[in-house]
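Next comes just one chain, in structure tokens: the form predicted on its own.
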Amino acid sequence: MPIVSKTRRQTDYNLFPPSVPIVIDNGASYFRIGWAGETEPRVVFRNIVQRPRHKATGETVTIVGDQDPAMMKFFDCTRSGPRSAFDSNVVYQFEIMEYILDFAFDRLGASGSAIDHPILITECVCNPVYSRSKMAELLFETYGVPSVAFGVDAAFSYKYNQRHGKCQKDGIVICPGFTTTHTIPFVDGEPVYKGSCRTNIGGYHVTDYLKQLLSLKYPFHSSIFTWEKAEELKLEHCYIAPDYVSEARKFQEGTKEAEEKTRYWQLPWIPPPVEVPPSEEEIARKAAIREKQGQRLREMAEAKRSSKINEMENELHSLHFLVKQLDQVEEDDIPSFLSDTGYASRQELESTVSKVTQALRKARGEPKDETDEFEENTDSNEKYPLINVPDNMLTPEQIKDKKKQLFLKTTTEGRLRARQKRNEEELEKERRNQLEEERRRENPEFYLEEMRAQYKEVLERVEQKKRLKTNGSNTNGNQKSGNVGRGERLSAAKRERMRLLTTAAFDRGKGEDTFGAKDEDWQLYKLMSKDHDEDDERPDSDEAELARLSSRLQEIDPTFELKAEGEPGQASGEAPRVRPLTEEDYKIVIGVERFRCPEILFHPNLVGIDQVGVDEMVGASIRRLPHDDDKELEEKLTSSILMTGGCSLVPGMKERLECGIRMIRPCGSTINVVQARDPVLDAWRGASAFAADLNFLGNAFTKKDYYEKGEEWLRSYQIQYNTL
């Protein structure tokens, strides 16, 4: 079951005299603190620190332990994740450790600046002297602790269970912890650290492995598989198989036993809304609304058109009036009259009248007068009078006007030619459509089959071009589109340019580079520098033909469907379509993961850690003992093996350990593996009982001892556990 944190602030701190020690179990996963002599720690929380920023004020706050989801929504945690003071199982971030101790002493009820109680704090096996020294310095200098004692958590748990008759004086303790696993042999009630063994595998790796497997299995639900959720699934469903290979074979074959061991986790799933086809009344109502809206738009367009026609008629009437007045003006007064009206010449006024007349006819929907087109083609001499005049007869200003008139004439003629070409293309298209329609009416089935064949042929050509652009044309004899080089992905023009460059670089023979010394080198240079990409930039006629055929097939064939992206026949390299998720996709199946994840405790190589498993660590610890092949001592050790630590709660651990140890021990050896009374809290309870003993202060050292004796003395410092 999950460990429940207890962070309520205690109020009886001042009731304990200074002689009562404070007991701290500083685990890599959970931090526990309480008073010596008690059976339960007062404060328990996760040994992590997070420093997010408040979204409103921007102030950085410190959050120690578990996160309250209701409160974390007010903080920005994207730049500050949970941090631990541990590297594996060794404390190395003492700035984070100070935050944790501040929070722990505050929750315990301490209100002063100094802690006037002795401290017993747990550490890992063979803790480096640097970490032990920094921890002692932190407790002495920051908190003013009178004395400190260090002890191993697994040793406290063994002695506590020995006190309750679970194990003997000679035995081995196995502690699969959060980030590491330890084995420590005990001889005459004292741990022999020379025979201890450690592997860098623990409960954290089991949880992380489960999280990775589920995220890979269900990538569309990866955000749901948080580390906390994976930890909960591990505690509820994981077990250790007696035989990993045979258990995996059962799930591979899909036996009934494997089906019974499979667990299902149904995530919330909301079915997509079903689109109900509208009724006939609804269709009629929407059609009436659209017709009403269309009628309103038509009325608005007609009113706008009428207003525009009125404005153009008024403008044309005023222009005709100006022309009549101009005819009545004398020749000498014409320039002044035109300057007053804003026109430079009579030709400009007449051109304006012609343009307004054409625009008015177009607005009314009248066909264009042929006389206008004739005038556009024949009256060029009147519109552009300076074109045919030699330059030696013109002034500099007239030469400029002549260039402008020449540009205008060229542009107008090009526009007319383009218009004529479009008209011819439209006529040709209409004629071809009429012919196709006649063919379709003569034999509809044959025409439809012919259109389908043409569509298929053009589609294959278009897809082939796409594949060539993506992969290349040369497949080295294989019909697959992979393993091609850069030159094979280039167009034909670019490949030709590459060939010329290669020729220029390598076909010069041996000796010095003489490129450029010959006349033909200049021709080669021009070919290399010429832009040959016109063919690539040209619009693809096959794609236009494919669009025409597809639109035609949609008109005459109701069963025709365009190929969607991601279907067979599309160019390689395009992303496939994603199918909609169903209810089955929201059902998380936890089968082989139940025993595959905790199996890494016995086979760390499954996650890339080249170390021995838990069962082999027992044999390694026995071999490291300086006992000169004392068979009797080995029998005593293997007959009293204690499992402690959080991972020993995984079902099947005891049976698997007995089986694994029996395989590495001589036939007939006594193997007895027992589980601690409480693998999680026995370490703190053993330390609490040890600190409550009257001889505890004899195992502790003061600040004066620390600074007088130095780190070398601290390296060999060990407490005596037989007092427990």
Partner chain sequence: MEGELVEADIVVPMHLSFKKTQAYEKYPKGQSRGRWKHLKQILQADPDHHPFYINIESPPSTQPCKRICDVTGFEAPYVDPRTNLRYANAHVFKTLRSLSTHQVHHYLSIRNAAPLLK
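Predicted model only: the values in this text are computed from it and were never measured. Numbering follows the first chain given and starts at 1.
If you look for the form predicted in complex with the partner chain, you will not find it shown, but the lines that follow are about it.
The shortest heavy atom separation between Glu635 and the partner chain in the model of the complex exceeds 4.5 Å.
Under a 4.5 angstroms non-hydrogen atom cutoff, the partner chain in the model of the complex lacks Ala689 among its neighbouring residues. Within 4.5 Å of some heavy atom of the partner chain in the model of the complex lies at least one heavy atom of His54.
Though the partner is left out of this view, Gln454 does not reach within 4.5 Å of the partner chain in the model of the complex, counting heavy atoms only. In summary, the region of this chain contacting the partner chain in the model of the complex, judged by heavy atoms within 4.5 Å and restricted to 55 to 63, 675 to 683, 27 to 35, 693 to 701, corresponds to 55 to 63. For the candidate set Ile174, Cys197, Ala136, Leu120, a heavy atom within 4.5 Å of the partner chain in the model of the complex is found for exactly one residue, namely Cys197. This chain is drawn without the partner chain; in the model of the complex, the residue among Glu424, Glu584, Asp610, Glu280 with a heavy atom within 4.5 Å of it is Asp610. In the model of the complex, the residues of 112 to 145 lying within 4.5 Å of the partner chain by at least one heavy atom are, in order, Gly112, Ser113, Ala114, Ile115, Cys124, Val125, Cys126, Pro128, Val129, Tyr130, Lys134, Leu138, Phe140, Glu141, Thr142, Tyr143, Gly144.
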